[in-house]
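Next comes just one chain, in structure tokens: the form predicted on its own.
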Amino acid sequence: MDYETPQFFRVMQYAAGADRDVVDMVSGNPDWEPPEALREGLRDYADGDVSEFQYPPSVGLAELRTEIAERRGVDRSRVIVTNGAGEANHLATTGALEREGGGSELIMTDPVYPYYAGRANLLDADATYVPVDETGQLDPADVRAAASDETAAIVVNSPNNPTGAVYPPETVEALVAVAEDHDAVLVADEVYDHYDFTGAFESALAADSDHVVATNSFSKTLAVTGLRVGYAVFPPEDGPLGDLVERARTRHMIQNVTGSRPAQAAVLRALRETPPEYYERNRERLRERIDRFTDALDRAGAEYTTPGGSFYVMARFDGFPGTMENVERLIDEAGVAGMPGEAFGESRGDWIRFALVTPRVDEAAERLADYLG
């Protein structure tokens, strides 16, 4: 897969220029409210002392890193607060590729979140794609068959975008074993961990391996994609891959100097004060949307995925493959914007991905059923 130009923006720009009303099912921006504690944190911050408006520590506010470390069961020294999960993944991937004798290959899934593939192109890395099965599950045996001494990192995402698959603990443990056997890094993007509908999700950190970097952010969890607060948990400094965290600290400082202090302070407030009911309420919202949307896809005669996690549904319509041209037709003629399956790789080229983060899910579903049914 050759991914040079982000297709998300191309679709969104096309939809914005349409001469009709269009339901946006492209972007992963939650449409629900962030926790009230987060808003309170921002308001209180605005009224704070001027000293709080200055540079925070480059690696992130100590209190926030401590909160993250306690929740993840790791030492705080392993945590770096980043500019969203995107930077966290970049630091982990570049670190893996820059290790002495670490290899030049990245193993990813097909379909793949396109920014992983774009990063491989940007870094001039060798990219190997391992297809998932029809339910979106990844077979570790296929990853093992693809891995070699040239493998620098295995990049996975669970709960998954775009398939909605949640990898069970035994899959994650087997992937960790492949990384260990080839002295590679398992980069586990867990940004949708709060949107697991199966109860099967388990962080890769549970493997307690020196070969795991777990990345995450609060963009989806707290419905604040614009605040750009993410993090990475690196292997311990006293372990065999201990240089990864120091390399990441340096690169992060050179690239960003530091992150947003008010955003970090607001996230910290939200983590401390938001009750579990907030997260369950949003999961239930998505469960209901998935049911309603897939019911409409049934009426349209479509084949579709039922996500075990995240908030995406992929659908395949007979005689209407997931090309960019057909996505543009859907925008112009049905008033629904989705992402072409071909943007995620070869194995789902006939599919279209829809993000269920809009209050207009029912309306979009009816439009699709009317147009393609």
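Position 1 is the first residue in the sequence shown; the rest follow in order. Note that the structure is a prediction, hence the values are computed from the model and not measured.
Unshown form predicted together with another copy of the chain; subsequent notes refer to it.
Asks: Could you tell me if residue 105 has a non-hydrogen atom within 4.5 Å of another copy of the chain in the model of the complex?
Replies: Outside the cut-off, so no.
Asks: Report whether the minimum heavy atom distance between residue 175 and another copy of the chain in the model of the complex is within 4.5 Å.
Replies: Residue 175 lies outside the contact set for another copy of the chain.
Asks: Is there any non-hydrogen atom of residue 70 lying within 4.5 Å of another copy of the chain in the model of the complex?
Replies: Result no; residue 70 lies far from another copy of the chain in the model of the complex.
Asks: Indicate whether residue 45 is a 4.5 Å heavy atom neighbour of another copy of the chain in the model of the complex.
Replies: Residue 45 belongs to the contact set for another copy of the chain.
Asks: Which residue, 274, 77, 209, 83, has a heavy atom that falls within 4.5 Å of another copy of the chain in the model of the complex?
Replies: None of the others qualify; the residue that does is 83.
Asks: Tell me, which of 293, 129, 115, 197 has a heavy atom within 4.5 angstroms of another copy of the chain in the model of the complex?
Replies: Of the candidates 293, 129, 115, 197, 115 is the one lying within 4.5 Å of another copy of the chain in the model of the complex.
Asks: Going by heavy atoms within 4.5 Å, which of 180-188, 141-149, 293-301, 225-233 lines up against another copy of the chain in the model of the complex?
Replies: Stretch with heavy atoms near the partner: 225-233.
Asks: Suppose contact means any heavy atom within 4.5 Å; which members of 15-47 contact another copy of the chain in the model of the complex?
Replies: Those in contact are 29, 30, 31, 32, 33, 34, 38, 39, 42, 43, 45, 46, 47.
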